[in-house]
Each structure stands twice: as structure tokens, then as C-alpha cells.
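Next up: just one chain, as C-alpha cells, the form predicted on its own.
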């Protein structure tokens, strides 16, 4: 198991290199000039040329990318073009907002998504099942930015019960962003839970548990759900990474001072070091979440844990035979 985790960690290296190359290429070939943006439209061309030379913006693409990678390998991710501070200063200052938003959203997704999915599976072909299926399909098809704008119009402008932007009202400021961010992935979890539970409750061991006289609640939650969790955990893990990326849009709509809003602001000003650091940070967290999901498989499903144990035993036997032969 430790060997598998080490392999997955090593795989992160080419993934992060690919992400950095793609993002750096997009930023390099966009027509905006960072020096002109920094100095303003009225700045003389001589000052712009001098700043371009100082920042190394006149160098070829590969030279700039190689210089950036060299700095990253030495722990230097650059300084922001906008404020001259280390790029991670603002990232670590704003990331708690994004993490809170994504954490609350995934909590809503897990609790409501799994619960409604189980209810829909247990009440298959009932009116409640049809209603939940239609609502989940509708929720999955609604763009979260459109939902955010509609909620702002209704709850903020019409009813005036929730703040439209910012974090000045404490927990109430997170209500609409969490709903807008969590509704589409929650619909996906509902549908996945329903299909996984329908497949599981038809298995022989579930019939055996019922034949033993166990309560239906125990059969569903302890026996059926545990064996149906594998695909559900996969969807939840991938959705958590998607929530971090989706926070870019939601934070911009609601004006939340999070990492997503920082990335959007940096893209507008073509703050290359800040965009690169923010993107790599989000990509790294997404990969770490997927790694945690893979490790969680061994605790949820004993069959996965047994497979790793079987891989170790033949290796140990071969080493023992080689030692005895020597």
C-alpha cells in the first residue's frame, strides 16, 4: 500500500509539469502586455520597454518557461506583478475562503445526495422516486452561474433576506454560494447513489440479511450502502476537486475574496506568476484529493485491501525461495 501511494505521488510530477506548460503557454500567447497593464495606458513606450526587459518578457517562450521552472525547483514561484509580493502570500490569505466554500458545498453534496439517492432507490418506481429523478436531472442541467444570478435577484433584491456579495454578514454570506455551487454535483451524487444502490440491493447477501430477520434500516445502511460506496466515493472525490475549480465562477459572481476570485483578477491583469501559482495550487489539491479517494477504497471495500495483501504474499514467497536457494 505504501508503495502504491509513493507511485501516485511520483505521478504528480509529470501532471504538474503538464499543467504548468499548458497554463504558461496560454498566458504567453494571449495578446495582452503585462508591462502595459502595470504602467497604464498613458505610460510612455520607453518605460514599457524598460519594464519588459526587467521582467524578461522579451525572451523567447522556452527561455521564459525554463526560467520559471528553474525558480519553482528552487522554491521561488515569483512575485506578483500587481503588488510585488510573493504569490503565495495572497494564495494562503484567500484559500481559507475557498476551502470553506468547497467544504460546506461537499458536505451538502454528501449528506443530501446520498440520503436522497438511497430514498429514491428504496422507493423505486414510486411517485417520490420519479420526483427525485426529475429534480436531479433538472438540477444537473442548470448552470451554477445562472442559478447564482437568479438567487441574487430573488433572495437579495426581491426578499432582501440574504446578502448579494461579500462576507460582511458571516455565515449568511455563504448560503447562496454554497447552494449554487453544490446543486449540480449533488444531483450527480443522487443519480449515482440510486443506480449503485439498485444494483446492490438485488445481491444475494442482501436477501440473506433480510432472511435473517434484520431490520430494513440495518440492511440498507450497514450492508447495502457500504458495498455501494465505491462508485459514490469516486464521484464525490472528483466533485470536490471540481468544486474548487467551480469556486472560480461562484466567487466572482458573489464577490467573495477567495482563491478563485484572485485567479480571475490575475488573469485580467495578466499577472503570470500569480495565475501560475494559483492554478498549480488548485491542481495539486485536486490530485491530492483523488489520492485520498484511492486510499479510502482500502478502508471501505475489504476486497481492495485483500488484493494488496495478495500482491505482497507472492513477493514474500519469491524472496524466501531466492534466499533459501542462495
Partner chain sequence: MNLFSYKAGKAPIPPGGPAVPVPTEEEEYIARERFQFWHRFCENKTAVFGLVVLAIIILAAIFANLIADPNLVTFQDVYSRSVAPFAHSEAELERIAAGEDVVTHILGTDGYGRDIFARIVYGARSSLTIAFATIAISCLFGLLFGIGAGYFGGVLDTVVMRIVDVFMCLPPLLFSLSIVSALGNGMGNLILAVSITMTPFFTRVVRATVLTVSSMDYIEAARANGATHTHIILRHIIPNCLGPIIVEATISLSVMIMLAAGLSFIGMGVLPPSPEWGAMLSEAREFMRDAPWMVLAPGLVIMVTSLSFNLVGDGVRDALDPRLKK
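Positions refer to the first chain, counted from 1. Just so we're clear, the structure is a prediction, and the values are computed from it rather than from any experiment. Rigid core: the largest C-alpha set superposing within 1.5 Å between the two forms.
The protein also exists as the form predicted in complex with its partner chain; that form is not presented, and the subsequent description refers to it.
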{"item": "Heavy atom within 4.5 Å of its partner chain in the model of the complex - residue from 146, 89, 221, 205", "value": "146"}
{"item": "Listed residue that, although its partner chain is not shown, lies within 4.5 Å of it in the model of the complex (heavy atoms), from 296, 39, 267, 289", "value": "267"}
{"item": "Contact of residue 27 with its partner chain in the model of the complex (heavy atom, 4.5 Å)", "value": "yes"}
{"item": "Non-hydrogen atom contact residue 283 with its partner chain in the model of the complex at 4.5 angstroms", "value": "yes"}
{"item": "Residue contact check: residue 161 to its partner chain in the model of the complex, 4.5 Å heavy atom", "value": "no"}
{"item": "Residue 128: touches its partner chain in the model of the complex, heavy atom cutoff 4.5 angstroms", "value": "no"}
{"item": "Which of 110-118, 78-86, 167-175, 152-160 lines the interface with its partner chain in the model of the complex (heavy atom within 4.5 Å)", "value": "152-160"}
{"item": "Full three-residue contact with its partner chain in the model of the complex, heavy atom 4.5 Å, for 48, 51 and 273", "value": "no"}
{"item": "Residues from 128-149 in contact with its partner chain (non-hydrogen atom within 4.5 Å) in the model of the complex", "value": "137, 138, 140, 141, 142, 143, 145, 146, 149"}
{"item": "Threshold 2 Å Cα movement between the shown form and the other one at residue 239, rigid core reference", "value": "yes"}
{"item": "Large Cα shift (2 Å or above) at residue 264 between the shown form and the other one, core-fitted", "value": "no"}
